[in-house]
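Next comes just one chain, in structure tokens: the form predicted alone.
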């Protein structure tokens, strides 16, 4: 490697908020490209991926793109020169990173995708939440809550999506409305919180409480939107439980709202299982071994691996969190990574 290349790489990594690896291991280094460190899901993903990969023998170096596509592209280009065992990427932009992924794989470096699915180019392994399935779980819980309140699956539900350009929220909406289609007695009002802004969600809830004072339940697609929903409920003079609240993604604030009585259900995005899957399949990916489709147990969750046009794709279901199980450490919102050892897939 030339002195110039080493200088460029050092400068790029210093500006990218390098997170030091936890343990030195003997199988080599894997780089993790995290899109941002501004939310708890991303910071906990760093802890989990570094810890789980260390358990199966890899040193992890994490690079933060500060939610900027050009920085992540530069990081990818520079990391290719280092020839790591593999790259794990949660892309800032789903399509803009495709050329960088192709360059890495052409250089013989396998690429694994974490959390944010890329389908526009071939990759070596993908670990994502079952987002349509999150919608299914939410629908089942909402049907239960409406029946408990009204004596039947009926009433009025306000669904607050995230940004309408994000497949994550669209898939949740798809799964939710698929399962609610058999219950025409439920009126669903669906509105997007543009750019996932909590303030937009708060405004939607405030406006709809005035336009539809008989709303039984509010379903938001992320826990930070639930915080804004509660603020609007309080401003409207509501007490915990007056209007039921369901959220999805499993963040700590959602679990806290359950403990406070404002929220009845949080459907978790299974962060720990998604990260564990990266470690479970790392040896197969690094060694270029065939990955078999089928069902896999990932931290107690039954995940389904399929071979898609873009490569092996593992989809992991979420779980419903209620007041009865909110303190269980298996949920990432409690920020207690599981202690069970990670075993590589044979």
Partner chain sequence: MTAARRATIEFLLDNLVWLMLIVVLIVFSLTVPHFFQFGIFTNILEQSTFVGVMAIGLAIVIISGNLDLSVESTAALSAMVTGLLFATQGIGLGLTLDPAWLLLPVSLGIAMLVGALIGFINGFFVVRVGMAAFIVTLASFIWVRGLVVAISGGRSAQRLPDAIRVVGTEDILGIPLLAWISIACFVIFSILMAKTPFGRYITLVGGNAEATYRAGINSNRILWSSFVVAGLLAGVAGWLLAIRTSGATANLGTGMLFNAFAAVVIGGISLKGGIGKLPGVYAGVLLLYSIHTAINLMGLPAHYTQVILGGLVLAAVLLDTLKLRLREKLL
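Predicted, not measured: the structure shown is a model, and the values here were computed from it. Numbering follows the first chain given and starts at 1.
Unshown form predicted together with the partner chain; subsequent notes refer to it.
Review point. Only one of 301 to 309, 40 to 48, 276 to 284, 55 to 63 gets a heavy atom within 4.5 Å of the partner chain in the model of the complex; which is it?
Key: Heavy-atom contact with the partner occurs in 40 to 48.
Exercise for review: Counting non-hydrogen atoms within 4.5 angstroms of the partner chain in the model of the complex, say which of 194, 107, 81, 96 makes the cut.
Suggested key: That would be 194.
Review point. So which of 207, 242, 147, 102 gets a non-hydrogen atom within 4.5 Å of the partner chain in the model of the complex?
Key: Flagged contact: 207.
Review point. Hey, in the model of the complex, is residue 119 touching the partner chain, heavy atoms inside 4.5 Å?
Key: Because no heavy atom of residue 119 falls inside 4.5 Å of the partner chain in the model of the complex, the answer is no.
Check your understanding: How about residue 181: is it within 4.5 Å of the partner chain in the model of the complex, going by heavy atoms?
Key -> No, residue 181 sits far enough from the partner chain in the model of the complex that none of its heavy atoms falls within 4.5 Å.
Review point. Quick one: is residue 137 in contact with the partner chain in the model of the complex, heavy atoms, 4.5 Å cut-off?
Key: Taking the distances in the model of the complex, the answer for residue 137 is no, it never comes within 4.5 Å of the partner chain.
Practice item. Report whether the minimum heavy atom distance between residue 202 and the partner chain in the model of the complex is within 4.5 Å. Key: Residue-level check for residue 202: yes, a contact with the partner chain.
Review point. Though the partner is not shown here, which residues of 236 to 272 have a heavy atom within 4.5 Å of the partner chain in the model of the complex?
Key: If the 4.5 Å heavy-atom criterion is applied to the partner chain in the model of the complex, 236 to 272 yields 253, 256, 260, 262.
Review point. Where do residue 164 and residue 307 end up in the model of the complex, Cα atoms closer or farther than shown, with a change of 3 Å or more?
Key: Farther: residue 164 and residue 307 separate by 3 Å or more in the model of the complex.
Check your understanding: Once you compare with this form, do the C-alpha atoms of residue 91 and residue 171 lie closer or farther in the model of the complex, given a change of 3 Å or more?
Key -> Their C-alpha distance shrinks by at least 3 Å in the model of the complex.
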